[in-house]
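Read the single chain below, which is given as structure tokens and is the form predicted alone.
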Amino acid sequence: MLSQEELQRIKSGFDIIGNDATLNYAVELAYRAAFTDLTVLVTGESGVGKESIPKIVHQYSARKHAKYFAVNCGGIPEGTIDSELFGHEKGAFTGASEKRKGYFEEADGGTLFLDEVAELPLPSQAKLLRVLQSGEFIRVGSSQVLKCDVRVIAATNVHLEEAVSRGKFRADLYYRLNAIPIYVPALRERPGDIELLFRKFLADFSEKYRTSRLRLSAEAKKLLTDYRWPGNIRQLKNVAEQLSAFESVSDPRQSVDISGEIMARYIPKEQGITLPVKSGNDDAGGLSSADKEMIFRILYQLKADVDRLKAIVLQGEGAENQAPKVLPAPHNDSPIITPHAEHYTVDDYDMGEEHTIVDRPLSIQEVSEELIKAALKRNGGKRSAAAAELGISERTLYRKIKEYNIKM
């Protein structure tokens, strides 16, 4: 077994936080698997941090100086998955204007991490099995057999045994992938790590946005550990970011106490049932990571501006020591922060558009649309500058402009 010092060094190197025995066993197993060339199958619910395991395996293996690729199988359209994995020849299909190498060819000598492997269609599963057994594959549109030497690590949040029984996953591929199984525990299975993770996230957001430190009361900590966290670490991080956005003040030298009453506003209400874990694209049908990042960046900037203006006003009234008021906190049953109740709009915070008061809560789409319009106006219609201000990629901005039908 690894010593505690060695284990902690590995976890620190891959930003893994926690002291749970099951988590420690997963990390040690990944370290030991690195010295073999067997296929590894990482299992666990969505949001538990499975992506750290293949990085450990690759970094401590003999392949560490070769290439490492991570492929989200659930994020690639079914019609192009074979081309992405195995490459294609020029003219193999409409749009194939030139020959292209796939991930297996590019990763030759290195490691390929196939996340959400259960999302692969059955024909692609057969091709994956062949390359695992013999190292052979064929590009789309070709008849030439090519060879590669790739270490494959797969991950899934789906019970593959059940998928096999329903005919959704090949049994022979499952057994081939499952040479070294590694299970990453859900957050509710390691309650002693919840506070550690949450405090780390709060500290990160405080440093990133230069806001005050947040201190949790005993009641607030109990609420954290009592909640089931169906979204696991990803959900915990989102709650920490929401709390930081709405309860901190724009002075990194200050501290703000978070009571149980305040924390209760951010912990989602229990629904009485556990919703099934969604496979595939986590952002489908909801707020994407880019959207949330954009909105939170703007909220932090708005709150900082409001705090500065209030400080100037209060100073003029001889009340320099009064704490600036923070934006209203969300309702208990609101999974995502939205302006509510007091008729706030983006324009109420001087985003550069004509002032408007509405008599209903704004939707996430409306908030995002107004933020984009205001950023484009401030930057003279320059999309690259607007995207940089919003903290999103130009590609995401183009997609949102098209989605919201924003006229330039």
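All values reported here derive from a predicted model rather than from experimental measurement. Residue positions are given as counts along the sequence shown, with the first one as 1. What we label the rigid core is the largest C-alpha set whose atoms superpose within 1.5 Å from one form to the other.
In what follows, reference is made to the form predicted together with a small molecule, a form of this protein that is not presented.
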>> Would you classify I233 as touching the small molecule in the predicted complex, given a 4.5 Å non-hydrogen atom cut-off?
In response: yes
>> I'd like to check something about E369: if you look in the predicted complex, is any of its heavy atoms closer than or equal to 4.5 Å to a heavy atom of the small molecule?
In response: no
>> Against the small molecule in the predicted complex, would R176 count as a contact residue? Criterion: heavy atoms within 4.5 Å.
In response: no
> Is there any non-hydrogen atom of E394 lying within 4.5 Å of the small molecule in the predicted complex?
Replying inline: no
>> Only one of S250, S83, T111, N157 gets a heavy atom within 4.5 Å of the small molecule in the predicted complex. Which one?
In response: N157
> Just one of A34, A374, V40, V48 has a heavy atom within 4.5 angstroms of the small molecule in the predicted complex, so which one?
Replying inline: V48
> Honestly, after the rigid core fit, is T22 moving at least 2 Å at Cα between this form and the one not shown?
Replying inline: no
>> Does S12 shift between this form and the one not shown by 2 angstroms or more at the C-alpha, the core having been superposed?
In response: no
